[in-house]
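In the structure tokens that follow, a single protein chain appears in two forms: structure 1, then structure 2.
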Structure 1
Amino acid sequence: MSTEANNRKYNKNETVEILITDMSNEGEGIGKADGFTVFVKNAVIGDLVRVKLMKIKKNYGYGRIEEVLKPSADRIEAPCLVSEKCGGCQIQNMNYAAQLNFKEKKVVDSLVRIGGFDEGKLRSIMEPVIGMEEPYRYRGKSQFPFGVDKEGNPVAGFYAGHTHSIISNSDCLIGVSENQEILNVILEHIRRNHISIYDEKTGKGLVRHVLIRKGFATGEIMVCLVLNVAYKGQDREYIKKQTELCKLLSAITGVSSISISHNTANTNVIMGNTITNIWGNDVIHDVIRLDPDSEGISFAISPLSFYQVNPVQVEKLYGVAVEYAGLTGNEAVWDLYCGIGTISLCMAKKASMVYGVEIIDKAIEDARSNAERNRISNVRFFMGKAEEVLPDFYNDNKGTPGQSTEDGRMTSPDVIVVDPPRKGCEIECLETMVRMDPARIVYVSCNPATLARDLAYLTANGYEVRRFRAVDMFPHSVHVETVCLLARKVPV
């Protein structure tokens, strides 16, 4: 390969040979041709590849592998036959140890580049990434869109990366094995009864998606069809029409809940806000055991519930969060994005009192039900915004945050836990956390970029990162969860 100065101009459809020397956060291989940077999907660090340039920008381009001339030592053959087309598993052709290294590096790079942290200091407090012993069949929740192939036959699968073109696949290797039988039953039912498939361009057609959830601890399976039909409530004639499909699905081992999600909106949002249960229970259950010898905590999961998709790793993720909280049984803990109470109830086992805050009323209802089901009494759940609930609560105690009342009760939290969505914490939430002045903050993140941004704010306002650890919740994808412990800075 030439090493001349970066003045070579490349054109679309031109072929070049490059050595992959790095990877982007999205899992694309990165190499240079005469100094011109090329991003290559499905390439692995160490690959020597012949690439066809598909898109040219001013200072970089995107290429497609024509041939792997010399494979990386970390390259493996992806077991999934559609992995290169599907947008779900971006790094399945990389061995698992290399995947874990990539994810650790992704977290550190984000904290350095976006958060401004010192890499040497970070690596001195970083703990080893937690991977899976068996990184397949781990997803307890899968959502499959329906479409039609070129012959007009109904298909189900996944969208190709950055498109809405469906790659037909009824047996995703990271999903549970029951998915294939369920999808085949539904597809055959659609074919036999000439049921229409939703067309997002016209807004016409009936069947849009199917949501399948499984409780790993219980074996209970939920099937929720997303249909382009208005809410019918408990209309008997409407439900009667689903009898045949219910009979077929309920014969599959584990299926205990069948429902319909009503979604007539012409958007890319998968689930509608209204659910009609048409067979069995309206929820399934799963159990989180942080201690293998305990009976664990049981959770009821509805079609709209947020519950981590990897039940095996969630025990490890929450185990790290509880460890970082440093609970002795005397602490007041606030969980500011509590959802259905998963982290709150795990913390309650070792805290004096736990308070959960969530803006979604149905989630709070589920959280309270989960606490009652597990006979956990040292929890309270509030619906609202953290920046409103926390100050109101502590002002009611007639004290100043960080100080004690006359009866010796602290007027601020000992520990605050946050597990926000990908966009990270709202600035108002971060400001409230700092104002409440907890001794420790445990931040659980699914997005290293927004984690870095939020940690930069917290460390600029009186806190320091003491420990952090990546947890691989999504093997073969580029996504990674991180748990961070922050504590008040020690005065110098």
Structure 2
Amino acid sequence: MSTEANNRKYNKNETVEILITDMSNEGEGIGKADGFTVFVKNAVIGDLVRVKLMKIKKNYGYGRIEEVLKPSADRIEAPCLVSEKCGGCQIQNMNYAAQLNFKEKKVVDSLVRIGGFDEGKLRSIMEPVIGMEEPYRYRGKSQFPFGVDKEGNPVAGFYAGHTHSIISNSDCLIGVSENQEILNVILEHIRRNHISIYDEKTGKGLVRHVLIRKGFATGEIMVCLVLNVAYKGQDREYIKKQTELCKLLSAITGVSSISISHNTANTNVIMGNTITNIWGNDVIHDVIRLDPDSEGISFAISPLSFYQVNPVQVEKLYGVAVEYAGLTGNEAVWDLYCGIGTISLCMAKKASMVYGVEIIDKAIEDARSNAERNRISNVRFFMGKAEEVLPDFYNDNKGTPGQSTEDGRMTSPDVIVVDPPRKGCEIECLETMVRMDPARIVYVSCNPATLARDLAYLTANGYEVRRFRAVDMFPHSVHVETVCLLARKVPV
């Protein structure tokens, strides 16, 4: 921090005027008061704000907006009335074009700062961010906690950012419009029948959450109530009583599956592991169609299945991944961190053979049945850690990720796709990827920081970054997804 920081000492509760000049990765505005850095929630780059200092650290502080003195040209009125209180969206008060710029910059900044890449070179190969045409109503999956308001009435809504107090809101603008009617029907049923709401402090009360999922391509909707009842026992009685609720919910257009998730654990994990279907089908379906003329790939989704939450953008994201993979029909492809096999199955249509690896056994089960449902036979799924399955496979020299050669060595796969969780790839996984020597690596990342770290390793070990672009999977949040193509460096 510059010596300026010591020019003037600031105190808690003091009021200062600040011009917001930057934004943190978490979406807080950043500005300086006499060289002293202040983070300000809900402030937009370009805003002149008067803030009250709420917390003072040695070299920086946190301020809360008292008044926006001169709004930034990028500031808009957030369409959602509770956006500042709810933890779901962080940058709804920024116009969408500015949000997309922020996300691109976040990716480039991480690659420069953490990966040590040259900004000019990066910008010369970066392709434009893919935003949404309609950046609202995009979530195919919503989970609402239930609680009680000050008067003791049941409410459904969202946890206020980083807390467990519930903000009542039945119409979240990034969720599907059917959510509101479904929540109102459930709340009305709860009131009429004096059903208790779960209280996490005492562990008593029945209704905890509701999970609502919609298949955008099929219009099918799933409602899953999370109740504080054990799978066996009194719940049978309770389930019998649900006939009325099922009747009301099933009258809502699209609702095709109603179930109960049993969760008696006193944790903040939302879903219990056992599900009882109480009306309709136990799954809903969705279709991922990368090419608008194709029939697409159909997926069955249960209450516990992992499925990307933005079905519109997922087609764009996978479209970039498939394009970067450069498939002609002859390739052997590995899809590491494959979840329920969505990327694997999209790639299988254009490759010779695809191998998916995933740590969660239920996801692998889903991946296999999705392959079967779509009659895709050139895929194999392995359950295990990418960083273990891949080296084992490589060392065994048995299988055919490419074919084994006469002398038992394995030929290289053509493409390795990775889509790891936020912490990125384990070093063992990266090492084996390099040893397997694929022509191309497609890295799909939900965290620019670990992407930068892993790209630094891969570029130090024989690969170069050829193309990359950001995809906005979560408008109004600070999250950004990036797809990156690496290719073997051409020896000079």
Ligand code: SAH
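We call the rigid core whatever largest set of C-alpha positions still superposes within 1.5 Å between the two forms. Counting starts at 1 and follows the sequence of structure 1. Just so it is clear, the model here is predicted, and its values are computed rather than measured.
May I ask which of the two structures is the form predicted on its own?
It is the first structure (the form predicted on its own) rather than the second.
When the two forms are laid on each other by their rigid core, does Glu428 show a Cα shift of 2 Å or more between structures 1 and 2?
After core superposition, the displacement of the Glu428 C-alpha between structures 1 and 2 reaches the 2 Å mark, so yes.
On a core-based superposition, does Leu458 travel 2 Å or more at its Cα between structures 1 and 2?
Yes, shifts by 2 Å or more.
Cα of Asp437: shift between structures 1 and 2 in Å, core-fitted?
With the cores aligned, its C-alpha sits 2.4 Å away.
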